[in-house]
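Form predicted on its own, single chain, as structure tokens, below.
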Amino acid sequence: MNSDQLSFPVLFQIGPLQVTTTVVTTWVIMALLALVAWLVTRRLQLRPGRAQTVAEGIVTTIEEAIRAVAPNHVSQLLPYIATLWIFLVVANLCGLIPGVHSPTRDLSATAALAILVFLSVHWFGIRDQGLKAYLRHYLVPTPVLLPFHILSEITRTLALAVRLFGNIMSLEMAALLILLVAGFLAPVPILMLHVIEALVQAYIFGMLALIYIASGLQSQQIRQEARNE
């Protein structure tokens, strides 16, 4: 793997800010998702059509996944987790389009997503418990563990970014190598592998984000249960 395979063309530059193909692809995905969401929800009906039925099925599935992890915070987490999951699925799968690379094969994109998850953990925790009560959980069961709590926050954020980047990058590289060796003799298995792996990686990233946020939201409940015991 050479540096060209890890770098992405700079389309234009705004001052010191370089706009690469990853940025453009990401914004196109977000615009398309916003457009689809608007088209599906602008005329909701009691007897849903095909598009509304699919949308309701997706939302219900994500809602049940959140309820299994954080049953008391479903309505609070649903917009964020659903948006993250849907974006990741589309971003991972767009690499199937000829000439388009998945934004998630760019470490800068996965790092940005991981940082967003890191910030959202603290945002939801502080919003739910208040700043003082939320920060107190870093001192439980003893202040001696504070450096380890901080180290855990940093390492899991790095792991989120590197795991998604590594898996999507290796998936696209493996598909490219197989096509170079076997030509187009086995396009369907490669396509199915890409689809399955893209969905699995989106699920893992979204589920880990959900677990991290839920752990922050439920830290106060855990402390109260510990006192009662």
Partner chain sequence: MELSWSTFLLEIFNFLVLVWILKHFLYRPVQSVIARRQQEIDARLAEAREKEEQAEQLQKDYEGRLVEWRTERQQSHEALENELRGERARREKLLVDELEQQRKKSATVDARRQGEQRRQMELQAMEQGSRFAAKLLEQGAGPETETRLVKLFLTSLAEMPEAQRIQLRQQLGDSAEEPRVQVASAHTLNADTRTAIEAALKACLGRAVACEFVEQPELIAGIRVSIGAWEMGINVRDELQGFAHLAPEPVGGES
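Numbering follows the first chain given and starts at 1. Keep in mind the model is a prediction, meaning the values are calculated, not measured.
Keep in mind that the form predicted in complex with its partner chain is missing from the display, and what follows is about it.
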Just checking whether residue 121 would be counted as a contact of its partner chain in the model of the complex - the rule being heavy atoms within 4.5 angstroms.
no
Under a 4.5 Å heavy atom criterion, is residue 203 part of the interface with its partner chain in the model of the complex?
no
At the 4.5 Å heavy atom threshold, is residue 173 in contact with its partner chain in the model of the complex?
no
is_contact(residue 208, its partner chain) in the model of the complex, heavy atom dist at most 4.5 Å
no
Which of 133-141, 105-113, 92-100, 146-154 has heavy atoms within 4.5 Å of its partner chain in the model of the complex?
105-113
Among the candidate residues 68, 59, 195, 177, which is the single one with a non-hydrogen atom no more than 4.5 Å from its partner chain in the model of the complex?
59
Would you give me the residues of 10-34 that have any heavy atom within 4.5 Å of its partner chain in the model of the complex, in order from first to last?
16, 17, 18, 19, 20, 22, 23, 26, 27, 30, 33, 34
